[in-house]
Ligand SMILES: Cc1cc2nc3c(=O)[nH]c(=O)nc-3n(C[C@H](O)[C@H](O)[C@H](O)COP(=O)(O)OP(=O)(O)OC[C@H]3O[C@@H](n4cnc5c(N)ncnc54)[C@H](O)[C@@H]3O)c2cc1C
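Quick heads-up: it's one chain on its own, the form predicted on its own, in structure tokens.
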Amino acid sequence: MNRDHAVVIGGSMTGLLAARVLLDHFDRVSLVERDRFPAGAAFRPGIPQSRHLHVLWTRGLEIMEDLFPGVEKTLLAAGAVELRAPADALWLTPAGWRGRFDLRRLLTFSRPLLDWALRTRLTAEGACALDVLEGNEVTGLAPRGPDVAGVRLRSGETMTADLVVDATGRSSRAPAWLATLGYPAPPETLVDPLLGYASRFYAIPDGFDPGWKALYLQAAPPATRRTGGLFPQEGGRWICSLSGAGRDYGPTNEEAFLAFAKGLRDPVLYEAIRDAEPLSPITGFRRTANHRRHYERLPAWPRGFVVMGDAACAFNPIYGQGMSVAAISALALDRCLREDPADLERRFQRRVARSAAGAWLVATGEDLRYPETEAARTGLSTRLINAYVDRVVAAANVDQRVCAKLLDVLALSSAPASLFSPGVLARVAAKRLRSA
């Protein structure tokens, strides 16, 4: 592979991270985005989920700091809030209230703020080598036999490239593009809990200090389907996101929104927002299915083209792992480009699949608890794993060590298999005996 020019399709979080990695390996990088980027930390149509709750778990924050040194300071200076987890939060798990251990840190902020911080750093660091094509759109791949030689733009231009990265998210047209080159459609897996969000910003009341900074009230399926989150963000405001699975969607009607909050498993969130000043309309979002395209299973793959982020594997966003998985995939791209270039594209697609495996297991395992979830039949292994995870969650509520292990899995710092280590098994069993 020559290293003259790379093209990234999509200015999403994945696209920004991919462009940053490619700048270390190519003479020139072009980022093609259908939207026009706002001047500051503002919402844009291409990221519809950006008006809802976002948190950045430990592993994702570490990788972004490595790729963009100082970005954490930029976020904090702009008002992002640091939380100690779970010490700073009231966290109602399916097994009850979680002990407020001081174990991990995470940042909470609006998604536009993170996009702005990364975009600003990217354009500054790549000033001479980065071309940003706003308001343009890739309509297809430019072939060179069975391989990819660049992209075709809606403007009519054909842009040649040594490597093309699809970072267009859930709406990716990669399967259709590959079909025009003679490649079969990838196998797909869909696990849809039929979940919908509704979110609104509130001003944090002056002098409000109840002893917590954030609230997270989980559903307890199959008995309850509703989840509520209330987290601080820059600008002295809360983001309140209400969601419901099994088509019990978070409502966008004013009265219904408060009634939905009141119907959560505990009234504490409703009591916090009941008299708070709304700062925005209520916004809904329902495109939340777990959707995996198994490109790693295709028998052949074109040179010069890779797919990453939600375009390859998208998660129910309620678990907050998508941005961290995108960051891990960006690291995988960097490592592949530093290794033997032979068969780089196929190796990368296999690593993308491995990068997403842990988060996929967590998200789909939880979503399969809802009887309304649309998916293939649940096997015995999933039911057995969920039964064990229930015991881990209950133990984590009262056992600091088990809680730390569970948070490592949620933060993508450890694989789900680590919950089956002898130390965790022993403490979960001991908690079970004490309860009996």
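Predicted model, so just to flag it, every value in this text is computed and none were measured. From 1 onward, residues are counted along the sequence shown.
Just so you know, the form predicted together with the ligand exists too; it's not on screen, but the next bit is about it.
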query: Distance check, F257 to the ligand in the model of the complex, heavy atom within 4.5 Å; finding: no
query: Partner proximity in the model of the complex: P317 to the ligand, non-hydrogen atom cutoff 4.5 Å; finding: yes
query: Partner contact for A167 in the model of the complex: the ligand, 4.5 angstroms, heavy atom; finding: yes
query: Heavy atom of T189 within 4.5 Å of the ligand in the model of the complex; finding: no
query: Answer option from Y270, W301, W116, F285, heavy atom within 4.5 Å of the ligand in the model of the complex; finding: F285
query: Of V398, A404, V393, I47, the one that lies within 4.5 Å of the ligand in the model of the complex (heavy atoms); finding: I47
query: Candidate spot S12, V55 and D310, all three touching the ligand in the model of the complex (heavy atom, 4.5 Å); finding: yes
query: Stretch in contact in the model of the complex with the ligand, which is absent here, among 365-373, 383-391, 30-38, 66-74 (heavy atoms within 4.5 Å); finding: 30-38
query: The ligand in the model of the complex - contacting residues of 131-145, heavy atom within 4.5 Å; finding: N136, E137, V138
